[in-house]
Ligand SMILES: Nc1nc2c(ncn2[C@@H]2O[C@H](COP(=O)(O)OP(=O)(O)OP(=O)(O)O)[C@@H](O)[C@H]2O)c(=O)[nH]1
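Single chain ahead, by itself, as structure tokens, in the form predicted alone.
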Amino acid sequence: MSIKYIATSQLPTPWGVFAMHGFEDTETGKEHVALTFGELDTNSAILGRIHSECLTGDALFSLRCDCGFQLQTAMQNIAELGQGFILYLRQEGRGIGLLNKIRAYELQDAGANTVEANEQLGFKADMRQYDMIKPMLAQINVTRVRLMTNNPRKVKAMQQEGIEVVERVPLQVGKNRYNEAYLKTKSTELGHMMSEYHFNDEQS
């Protein structure tokens, strides 16, 4: 994968002013963003998150997932600490794209869970790749992290790219009646670590 750094600008948010660093994958044309906050202390493990794009959750306030809640909480945690980063990757719908995600939602409305819906459309449960994170982190001088995630695949991806994960910081927010079954499926079928959640056993 060929990741090219493009430019950096300021991004004022409700939690403070982040720096927004733009990257282009010259092979696929996909555009990714790294957000940084404060002066990153490269001698310590930096609090951060890998966040895959979720238009419905991040921008349209969907309650079907926990993505928007996780993004906002990660930004708030970083701002309160005074430093940190977020890699915002353009991998909508766990890598299947927005329109296929809507098709998957249609199948979920008919009774499939999030894994079954992707598989019925001919995709793997999770199609995301993480090989773009190494050059993005190199650009912002991050080599050791405290990673905000419930997903062990993201921890493994960091480690495979030579990034030391000093700590996994749970990010269990946004559970509601619309996404409880979705979150339980992520826990039971995708291995997400959600020990702080209590699920209704009647839901799948």
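For every residue, the number given is its place in the sequence shown, counted from 1. Please read these numbers as outputs of a predicted model, since none were measured by experiment.
One more form of this protein, predicted together with the named molecule, exists but is not displayed; see below.
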Residue stretch of 132 to 140, 62 to 70, 25 to 33, 40 to 48 approaching the named molecule in the model of the complex, non-hydrogen atom distance within 4.5 Å: 62 to 70
Contact test in the model of the complex: Lys186 vs the named molecule, heavy atoms, 4.5 Å: yes
Proximity of Asn179 to the named molecule in the model of the complex, heavy atoms at 4.5 Å: no
The named molecule contact in the model of the complex: Asn77, any heavy atom under 4.5 Å: no
Contact label in the model of the complex: Ala157 to the named molecule, heavy atom within 4.5 Å: no
Those residues of 66 to 96 which, in the model of the complex, come within 4.5 Å of the named molecule by heavy atom: Asp66, Cys67, Gln70, Gln91, Glu92, Gly93, Arg94, Ile96
